[in-house]
Structure formats: structure tokens, C-alpha cells
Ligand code: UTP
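Have a look below at one chain only, the form predicted on its own, in C-alpha cells format.
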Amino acid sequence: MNFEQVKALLEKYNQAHLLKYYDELNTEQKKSLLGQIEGIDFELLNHVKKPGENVNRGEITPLDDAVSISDIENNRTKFSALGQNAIKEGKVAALLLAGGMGTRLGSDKPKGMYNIGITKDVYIFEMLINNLMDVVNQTGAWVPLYIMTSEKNNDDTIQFFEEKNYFGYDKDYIDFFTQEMAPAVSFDGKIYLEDKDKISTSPNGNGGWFISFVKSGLCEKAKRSGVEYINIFAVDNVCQRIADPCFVGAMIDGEYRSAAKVVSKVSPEEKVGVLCLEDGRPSIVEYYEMTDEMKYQTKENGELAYKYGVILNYLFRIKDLEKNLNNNLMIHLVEKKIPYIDEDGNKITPEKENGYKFETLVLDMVHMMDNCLAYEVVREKEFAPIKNKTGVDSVESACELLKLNGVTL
């Protein structure tokens, strides 16, 4: 699109301010800005006019059943055999959500590059690759690994893996792709400029991984190689088991459409999303959405009714995801502090929330499925999230769990 076409597009959506500094830019900056504007999904702005629609939920009820730790132990041989066969046949892949930065850990690098070692270098990415290598060694088969980065950390992430020789993983089985971005807007729906030649954008939420995976061409590549199941996992849980044969086998055995690893909540107040039913279909209720009645509700055996916290480790069947691709995921408006340039071109870093980011969430992908297996894991063995530098869910707490699991740091 040329300048006049872009100008007309902006006027249509009442966003002409994005060209305010156009005449001050050099040729390359002008070209870049026009390209960014052309790539904006302006239909997202419709959600700002009716934000209430983004928080409506159906009837939330407790999950009927789950595969408990004892159930898994009783069926481990059968489940593991099924999962190992699927992996050996090339039907299972893993996808790492790694678009975040280590800002809260005091780092300006990708979160996965953070060094948690005590007596030697041990990186978050390294721990995850080591965990996946356990499956490779068990099955004798390489598991395809797709790593979703963001615009902000893609180059650093790829360079880091190259420098570290992929931590011993076969690089032919690793592919990188970047997550789709969405514009950041003021509360009245005006798209922010991050700089005179740059639109303010942010990743489109953890539910955006599949559309980004498809647009990158990697979904087609996965299908051509025979992949049917894909294990989605987050970068910050260093103890999690990835492409876990027993997990895969349990999903296959029960003929489930999706599966989620869960842990039993340590208390009613624990701040984790909980697997539940919404209008009779699988879903996830966030901790801040739960009423006190829901938090403390118990079953006849005394256990919490809303017991199973999700740890962002999911299994999906690719064909089911494709089937639901046209059922657009709900857009969530998230209030954020968004740096921007003001009327005079000054860069402003707000002290309180000043606008919205548009996000899609994995929980809505789960809700699109007919069913979801709740697969309970031992918290101390598989849940060591790194959200903070110290305290709860921190580098400190994760390192303690890694040491308990025999990892030398």
C-alpha cells in the first residue's frame, strides 16, 4: 500500500494520528511505518467499544473426574507403552512458548537464557532440552521441537541455541517461529505509537500460538512428517516433563481431544487457574474469577471441588485444532502500562495502566474441545515455575526443587 492508501485506511478507522510524524522520517522509516500499519488487524478495535463482552463466562461447575496420581501409577505400563509407540512413529511433537523476556528476573535477555546455575552454568532453555532428551533416550526417537519466540527476542534466542550447539539436541528437529503481534491501544481505542516510526505492539497471548504456527508453515511441515499430537508448554517451568510418554498414552487410551497436566492445589487460595467445566465443556477458571464459595467448595470426600490447578502443559490433536481454527478465539482486553510518545513526541513511561493489549488464551482452545483429560502430576517433580527472582515461584524455589530431583546446579 502507498501513502495515500494507508492514509485512507487510517481515516476509516479514526487512527490518522499514526502518521503525525511521517514527514520527519527518512525513507526507510517511512517504508517501515507504512508496512506496520498495513499489517494491523483493525477489527480488533471493535472489542474496545464493548469490553464487557470479553468477561462473560458460561456456567462454571467442577470437573467430573481426572486421572489421579494413583490411577497413573496403576496404569503406567500401559500408558507409557502407548505413548512410546506414538513417539517412535513420529506422531508426537512439542512446542515451547518462549516469547517472554527475563525482565522480572533482572535480565534484558529472553527468559530462557537466564542462568539458574550455582556452581556451573545451567540455563532455563538447557533444563527444558535436558528434560526432552530423557524422552529421546527412552524411545530412541527425536521429538520435533517448535520454539515460538517474539519480535523482541527471536534473534537472541536463535543465536543462543546456535552458540550452545542446541544443548546436544539434533538441530534438524528444532524450528523457530515468531508469534503474531497485536497493537496496543488507549482506553478510548487509539493505537499507541512506541516511537515516531514504530507502532506499539505486543504478543497476542498464549492462545495465539496455533495461528502463528500455521502462518509460519510449520503446521504443514509437522503434518507432512506424520505429527498428530502436539504438547504445548511454557518456558518458565524447569521441572516439567515434555512429550511425556505416559501423558501421551493416557490421552490416546481415553480417546481424549485434549489433555492438561494438573497439580492438586496446596490451598483454596492458591493463585492458579483451575480445570473445570463451563456449560458442560472443559475450560479453565482463573484464580481471580473464583468466588469464595467456589474456592472453598468441597466434594463428599472432603477434597476441594475445584482442585486441579493447570501448569500450562497441554496436549492437543492437530486435526481438532484445525477444525476449530475458524471458530475465532475470544479476544481478551488486558489493562497494561503501555509506553508511548505523547502529542509533542516525548517518550512516556506510565506509572499506572493506560490502555489495553489484545490477547487470546489457551484456556479458550481447551474450551473448544469436546473433552479434556485432567492428568495429575506430582507437584514436587513437575511444577517449578520461575516467575520471580526470590520468594514464591522464584529462581530460589525452583532451584530447591531441581536439587530435590537430583539435578546438580
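What you see is a predicted model, and the numbers here were worked out from it, not measured in a lab. Rigid core (definition): largest C-alpha set, two forms, superposition within 1.5 Å. One-based numbering along the sequence shown.
There is also a form predicted together with this ligand; it is not shown, and the following applies to it.
The binding site of this unliganded chain is open: after this ligand is superimposed from its pose in the predicted complex, not a single one of its atoms comes within 2.4 Å of the backbone or a C-beta atom.
Checked against this ligand in the predicted complex, the residues 102, 273, 245, 144 give one hit for a heavy atom within 4.5 Å, which is 102. Site annotation in the predicted complex: the residue of 212, 200, 206, 131 reaching within 4.5 Å of this ligand with a heavy atom is 206. Proximity of residue 72 to this ligand in the predicted complex: non-hydrogen atoms within 4.5 Å are absent; the residue sits far from the partner.
Taking the partner from elsewhere, residue 148 is found to have a heavy atom lying within 4.5 Å of this ligand in the predicted complex. The closest heavy atom approach of residue 234 to this ligand in the predicted complex falls within 4.5 Å. The closest heavy atom approach of residue 257 to this ligand in the predicted complex falls outside 4.5 Å. With the partner omitted here, the stretch from 92-100, 249-257, 223-231, 286-294 that lies within 4.5 Å of this ligand by heavy atoms in the predicted complex is 92-100.
Each of 111, 359 and 387 is positioned with at least one heavy atom within 4.5 Å of this ligand in the predicted complex. Superposition on the rigid core between the shown form and the other one places the CA atom of residue 336 2 Å or more away from its counterpart. Residue 367: CA moves less than 2 Å between the shown form and the other one after rigid-core fitting.
Positional change of residue 383 between the shown form and the other one stays under 2 Å at the C-alpha, relative to the superposed core.
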